[in-house]
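A single chain, nothing else alongside it, follows as structure tokens in the form predicted alone.
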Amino acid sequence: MLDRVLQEIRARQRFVVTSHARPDGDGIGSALACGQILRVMGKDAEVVMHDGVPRIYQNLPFADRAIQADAVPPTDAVILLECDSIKRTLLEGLEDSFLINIDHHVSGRDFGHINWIDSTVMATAELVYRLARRACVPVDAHIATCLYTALMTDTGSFMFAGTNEHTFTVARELVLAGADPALCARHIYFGHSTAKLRLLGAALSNLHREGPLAWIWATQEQMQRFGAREEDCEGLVNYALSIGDVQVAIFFRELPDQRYRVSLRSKGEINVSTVAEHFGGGGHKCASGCSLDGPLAIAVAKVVEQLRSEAATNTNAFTR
């Protein structure tokens, strides 16, 4: 399938590269790197994101070239990274485009004209790296920095289940190509806003425990009071997961329409991707997400009950 992707790229000149709305590190890092790889191949390539580049990723190479827009410009093809449908991009105009779908999620779907989905890798960045090598594009320090950041963030700093010797082999090659691990980590983990820390404090004050399950939440009123952005919610769920005897953590974020965006994290005993898929979402075994109608009590009850159901088929972790 990689050869087919490369064949379609070589047959076209103008490209748009994008990822899902509210992009994470893998979505941003992979898109920025992919855009530059196409340019090195002599293609006209633009990275277009509905929500732009989050603050903590704005120091990445090529981030200043990314375009924030509601629709894709005229192009020969669109490369979608980390999406299970065109709807995930929130971009208009994709229906009439030739679509190349590249994803690594187990919940990935064949919605494009070309679909390269490989759930054996830990990040889409690994697939973009393979693309560069197969295309004989030199991976310089700038491309390596984008891909290393994507790999680092999507593996939870190389802590998520599934991280193996292959993951570290790719990381090593990217470091040899010029990525600086300390610098990449500094921008991500020591670049938070004051608003995010205040939101974290409010969320943790709501911490609820039920055996190895923990959940926290943040309201729309708190977001507005602290001046927090959507991106300030990223990673808050991990603080609940950091409790020693917690196996699964959930973060409920109230949206302006009173729905709730749900982030699920697991230390590996519970596959949270199946829980997210039950509610129309998806992701990884250890990191997934979905959205539910409110109010909060009902959303919490639905997710917790589904987690109990999943635990009953896999482990005794939630047995009372």
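The model shown is predicted, which means the values in this text are computed figures rather than measured ones. Heads up: residue numbers just count along the shown sequence, starting at 1.
Just so you know, the form predicted together with a small molecule exists too; it's not on screen, but the next bit is about it.
- Proximity of Gln222 to the small molecule in the model of the complex: non-hydrogen atoms within 4.5 Å are absent; the residue sits far from the partner.
- Contact check for Glu231: no non-hydrogen atom falls within 4.5 Å of the small molecule in the model of the complex.
- In the model of the complex, the small molecule lies farther than 4.5 Å from every heavy atom of Ser97.
- At a distance threshold of 4.5 angstroms between non-hydrogen atoms, Ala287 is in contact with the small molecule in the model of the complex.
- Here the chain stands by itself, but in the model of the complex one stretch of 279 to 287, 29 to 37, 46 to 54, 61 to 69, 279 to 287, has heavy atoms within 4.5 Å of the small molecule.
- Distance criterion of 4.5 Å from any heavy atom to the small molecule in the model of the complex singles out His105 from the list His105, Arg130, Lys196, His142.
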